[in-house]
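Just one chain follows, in the form predicted on its own, and it is written as structure tokens.
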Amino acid sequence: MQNLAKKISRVLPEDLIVLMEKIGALSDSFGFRAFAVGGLVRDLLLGAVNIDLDVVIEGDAIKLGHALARELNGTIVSHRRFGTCSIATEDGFKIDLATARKETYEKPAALPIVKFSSIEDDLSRRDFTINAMAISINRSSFGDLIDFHKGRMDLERRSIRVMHERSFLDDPTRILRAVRFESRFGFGISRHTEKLMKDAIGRSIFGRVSRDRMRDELILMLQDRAPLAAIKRMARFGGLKFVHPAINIDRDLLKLCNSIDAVYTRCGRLSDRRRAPEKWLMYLMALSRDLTYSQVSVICNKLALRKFDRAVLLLYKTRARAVTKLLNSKRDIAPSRVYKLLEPISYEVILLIMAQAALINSNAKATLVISRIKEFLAKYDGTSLQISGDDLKSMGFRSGPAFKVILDKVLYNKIDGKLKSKKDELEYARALAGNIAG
């Protein structure tokens, strides 16, 4: 049996190692066996740091979790039915503990029936061999590698290999996970695993999975470090038909996806007034670029998208073309006009418009669109006034719908550089109020 204690000490942060040792010692006191599992083990063998600590216990994980939470002064959330719990520590660590279990499926794509069992059974229920390894963290065996399924050999071969013949039928979301891991690590899906994937897709297996689970796995795939490779792979399998059968992965779409990645990297932080853009949402908009409004609505329902994400997708279909056309215009456009166009639009739509502009054959047009958007994000996005409705009230002006009209006009003049100070804003607002009153 291989021992990875030295590698653990070289690769993982010291505070994480101390935490693992603490869990191991506590497990010893209960007479339990404890194992770090999943991505942490896989990435450790690849020489990469992964601080997501998932621990499997041969014993009562919830009993151990409560004792650990007390010792760490952390908070715990437990799920008795599944024998799992999560602990959040004061210094920011999140530990997931699970009682070793065996899973069986009554029918394809159904949720599993859980029975508590051994580490061997627990690892056998995993998706791929590279994720089916464990490291003992008990004191006497700390660092011992548990590898029943030759996961380390598959890591060395750079191969994604499924655990058993019915794996994709039991859980079709593993298909998206396979292409995600393949593209992230630059691995290859084994020939037999690829055959099983194609067979499962041919049975229209995705239709049996809950909308929430498919949405979550699709999001993980599209927001990963290398989504374009995963998109290409899914397209070859016909695996994106579950999103919508009309999605067509052609050369132009792949170019747009490349452009999205470049724009997201360069411009995703241009505005410090907006939240970070959701890259997966940009890719989903790109995938649906040739679809009709009603077809995009179908996607929103099929994936059970939250209200905000649904609004962004549909807004892109209704507004992006008109916004791009105006920004393409060679005539002078006041900054306030650009502001009125872009301020109500989500960051994702704005960046996708930039990505599309970068593909325009005419460099002059692309430059106009991109430069106007960059100026908006850097200088005008989130511009606020020094005056408020209270100032209008102090002028004796009654509150009402006209308030917004006046304040908007003051804002647009400020953006256009016509108002430099609060005094300027007040004087202009007074003049506007007088005109309205008159």
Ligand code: ATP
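One rule holds for the numbers: they count along the sequence shown, beginning at 1. It should be emphasised that the depicted structure is a prediction, and the values quoted were computed from it without experimental measurement.
Same protein, other form: the form predicted in complex with the named molecule, not shown, and the subject of what follows.
- For the marked spot (Gly38, Arg180 and Arg213), a heavy atom within 4.5 Å of the named molecule in the predicted complex is present in each of the three residues.
- Residue contact check for Asp127: one or more of its heavy atoms lie within 4.5 Å of the named molecule in the predicted complex.
- Shown alone here, Glu375 lies farther than 4.5 Å from the named molecule in the predicted complex, counting heavy atoms only.
- With a 4.5 Å cutoff on heavy atoms, Arg174 counts as touching the named molecule in the predicted complex.
- Within 4.5 Å of some heavy atom of the named molecule in the predicted complex lies at least one heavy atom of Arg184.
- Listed stretches are 63 to 71, 397 to 405, 49 to 57, 26 to 34; the contact stretch with the named molecule in the predicted complex is 49 to 57, by a heavy atom cutoff of 4.5 Å.
- Exactly one listed residue, out of Ser141, Ser190, Ser86, Asn131, brings a non-hydrogen atom to within 4.5 Å of the named molecule in the predicted complex: Asn131.
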